[in-house]
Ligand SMILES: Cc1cc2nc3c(=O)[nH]c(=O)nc-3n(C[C@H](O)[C@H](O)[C@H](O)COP(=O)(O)OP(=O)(O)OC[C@H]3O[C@@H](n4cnc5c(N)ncnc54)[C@H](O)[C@@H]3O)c2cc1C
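The chain below stands alone and is given in structure tokens; this is the form predicted on its own.
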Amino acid sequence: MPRFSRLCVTCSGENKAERNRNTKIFFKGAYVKYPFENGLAELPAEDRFYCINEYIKTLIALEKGGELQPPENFREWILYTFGTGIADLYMIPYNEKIWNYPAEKMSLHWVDGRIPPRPPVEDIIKSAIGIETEGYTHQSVFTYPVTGGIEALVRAIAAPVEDTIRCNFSVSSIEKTEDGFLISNGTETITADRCISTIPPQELLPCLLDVPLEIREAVAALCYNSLFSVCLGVSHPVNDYSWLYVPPQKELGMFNRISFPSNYSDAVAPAGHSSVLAEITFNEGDAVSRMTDDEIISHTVEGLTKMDILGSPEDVVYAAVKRQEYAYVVYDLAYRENIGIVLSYLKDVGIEPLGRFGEFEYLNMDGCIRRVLDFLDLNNPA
């Protein structure tokens, strides 16, 4: 068992449930197997032919050599990897929906391990004629806390040092001294030997004095998305899916992913009920960001009803919206240059960035914990 998995299993103790991933893509009214290229048999015949034909044409072009240039951005990588059919029908529109950013303006350095790779042609043909294939086994089985939600895992990991953790201390200034750091919230100052930052650099730099213009410009150029999490309690069981991906479909609206936490643990919702979480990405200042919570909820409930996940809006017995400013790190074409400038500056200052937003890198929860373990190994060699 990998080190990360051992840590989570050990810390969770008995508070964990194991589930098989059951993930779909909602496409033209059908629940298509994820990843998309493994569910081609569930597509309309014309779409199925389009995907197979373009995929094979792409493979032939690659075999001939010279006809396809190596990709230089995310859009080109999608076309190069999956062909025009899969790219046009799903990969490009879905990714542009969730990232809220043009695919041709995104880097491709991050795709390895994050997006399923090019499948063998045999799997594409099998998928198209209805022979079961499994192209992406990552997270095919996962564990989730029985009670407490995913935060229960964080609390379990923190439990041995909980007495030393100080919360609700809004940092306003950080000053480097000969002995370490002076960290203040405006009324109280804490002296620290080291400063490890997990907050976004956009929030960290205003706490520092005399930050050079070049560094401030690099931070301002870093792209990210914000997120509406629409949390619904439903008066009945809804389905047995883990989560759904929803590419652009005008009649459904803005949410790009729907998950069903009550399918992760029987204790997440009251008996006979279920929970649904819809995610909508936005950028501050756009039309979506100006919607009220009630408008976001109404919009989401309407879309879920059209998908038959809800029988009617009256099925919803609880609704809330959580707004998160920093949600997805967007890898634009200038990302690596800008983040390199920022991280180099923080290193010179002596601040150690760590985690998804500290390092400003698109990391899942498991990736964040792995980075911490690697950080501990590096700073505490045996």
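Start at 1 with the first residue shown and count on from there. Bear in mind the structure is a predicted one, so any value in this text is a computation, not a measurement.
One more form of this protein, predicted in complex with the named molecule, exists but is not displayed; see below.
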For this session: Report whether all of 42, 91 and 130 sit within 4.5 Å of the named molecule in the model of the complex, measuring from non-hydrogen atoms.
Result: no
Exercise. Is there a heavy atom of residue 366 no more than 4.5 Å from a heavy atom of the named molecule in the model of the complex?
Worked result: yes
Exercise. Any chance residue 257 has a heavy atom within 4.5 Å of the named molecule in the model of the complex?
Worked result: yes
Exercise. Within a 4.5 Å heavy atom cut-off, is residue 187 in contact with the named molecule in the model of the complex?
Worked result: no
Exercise. Going by a heavy atom distance of 4.5 Å, is residue 148 a contact of the named molecule in the model of the complex?
Worked result: no
Exercise. Any idea which of 25 to 33, 343 to 351, 48 to 56, 323 to 331 reaches within 4.5 Å of the named molecule in the model of the complex, heavy atoms considered?
Worked result: 323 to 331
Exercise. What is the one choice in 84, 198, 239, 95 with a heavy atom within 4.5 Å of the named molecule in the model of the complex?
Worked result: 198
Exercise. In the model of the complex, which residues of 221 to 244 put a heavy atom within 4.5 Å of the named molecule?
Worked result: 227, 229
